[in-house]
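The form predicted on its own is given below as one chain in C-alpha cells.
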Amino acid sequence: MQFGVFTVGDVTADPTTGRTPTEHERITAMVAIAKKAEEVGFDVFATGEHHNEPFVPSSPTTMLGFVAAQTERLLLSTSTTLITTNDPVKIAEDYAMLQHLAEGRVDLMMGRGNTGPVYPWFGKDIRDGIALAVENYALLRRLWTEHTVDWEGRFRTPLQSFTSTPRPLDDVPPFVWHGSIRSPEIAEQAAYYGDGFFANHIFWPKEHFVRLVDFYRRRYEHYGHGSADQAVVGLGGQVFVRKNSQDAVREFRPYFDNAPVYGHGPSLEEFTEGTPLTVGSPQEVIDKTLTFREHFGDYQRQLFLIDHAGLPLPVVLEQMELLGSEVLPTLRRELDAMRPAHVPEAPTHASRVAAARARAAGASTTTDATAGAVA
C-alpha cells in the first residue's frame, strides 16, 4: 500500500491572519512538503497542474525534477497531468526525461481538468474534452512503446516517422493513473489499457465513486488484465489531525468555513459525515481511512490533501509529522494484513521492469521451443 500527499497548489489567504503567501512562498512550501513527505515515511508526492490563478503549479515536471534531486526514495507523481490541453508529444518527452533523472521514481495521473477557460487558452474546446483525452492518450501510449510512429488524428498535426526522445528508462514508460470524478469514459479508458484508476472522492458522497470504481474493476477484468479485485485503484482523502479531536475541529474550522472550494456550504460536521474529510485525532483518521477499503475493496494508493485553504506551512508540516508517526504505520499494518495474496501492490518502475523482462524471457523460450519443433 502506498501512502502519499497531493497538492493543488492554491494561493489562498490564511483566514486567521488575513495574510496571503506570495507565489514564491507557496512554491517553496510545496517543495518543503515533498521533502517532509519522504522524511516522515510517505511513499508519494503528487502535484496538480493549473494554468490559472489562484494556483501556481503550471510546470509539474520542473517542480518534480527539483524535488527528485533532493530526495532518494519518494515516488513523484501528478494530480493531474492535463491530457486534454497538453501536446501528447511534449508529455511523452517531458516525463521520460523526468523518469531518467529520478531513476524511475515517476508515475503520473491523467486528467481532463475542471477549469473551462483553460481549453481555449491552449487552442482546444472543452466540448471535446472526452475525445481529446481518448485520442491524446492513445498517441502518448504509442510514443512511449513504439520507436517510430506515424500518426494522424483529429486534434493534432500528423506525425511521420517520429521518435520521441529520450526513450523511457529501461524501455518501460511511467505507470499511468487516470483520474476522474464523474466520467465513466475515463474509467473505461483506464480499464482498456490496464492502467490505474484514481477516484479523488473528496467532494462528493462515496456512493457516486463506488459506482465508478466498480465499473472500472468490471471492465478491467473484461479486458483480460486480471480479476476485478486485482485492478489498480487509488483514492483521495483529506485530513486535519491533532492529538485530540476537539483541538483539530477548533483549529481547522476557520479554514474550512472560508475555503474557496467548499466553504459557505455544508457545515464542517455535514461535510465530514458525507465525504472522506477527517478532522480529528490520529485514531479517527485511521478509523475513517479503513472504511475506504470497506467501500471500494482492496486498493493500492491513498493520497491525502493537507495543504490547501490557506493553511500555513508550519501547520501542514505538523500534520505530516503526526500522520507519519501515528497513522501510517497502523494503516500499513492493517491494510496489508487484510489484502489477499492475489491482489497486487501498486506498480513501481522496478516491478514493471521485472515484469517486462519476464515477458521477454517467456517469449524467447516460446520462440526457441517453436524453432526446435520446426528443426
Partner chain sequence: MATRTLAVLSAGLGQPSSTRLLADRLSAAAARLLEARGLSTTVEVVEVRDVARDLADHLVAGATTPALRRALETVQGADALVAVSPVFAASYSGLFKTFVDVVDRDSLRGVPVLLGATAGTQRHSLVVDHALRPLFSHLGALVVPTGVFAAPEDWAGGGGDPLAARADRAGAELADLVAARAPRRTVDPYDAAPDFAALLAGGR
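Numbering follows the first chain given and starts at 1. Just so it is clear, the structure is predicted and the values come from calculations on it, not from any experiment.
Form predicted together with the partner chain: not shown, discussed below.
Only one segment in the set 290 to 298, 243 to 251, 227 to 235, 132 to 140 has any non-hydrogen atom within 4.5 angstroms of the partner chain in the predicted complex, and it is 132 to 140.
When contacts are judged by a 4.5 Å heavy atom cut-off, residue 170 does not count as touching the partner chain in the predicted complex.
A residue is said to contact a partner when one of its heavy atoms sits within 4.5 Å of a partner heavy atom; residue 99 fails this definition for the partner chain in the predicted complex, lying far away. A residue is said to contact a partner when one of its heavy atoms sits within 4.5 Å of a partner heavy atom; residue 146 fails this definition for the partner chain in the predicted complex, lying far away. Residue contact check for residue 284: none of its heavy atoms lie within 4.5 Å of the partner chain in the predicted complex.
Proximity to the partner chain in the predicted complex, defined as a heavy atom within 4.5 Å, singles out one entry of 185, 87, 93, 257, which is 185. With the partner omitted from this view, the residue of 158, 123, 265, 116 that lies near the partner chain in the predicted complex is 265 [heavy atom within 4.5 Å]. Scanning 10 to 38 for heavy atoms within 4.5 Å of the partner chain in the predicted complex gives no residues at all.
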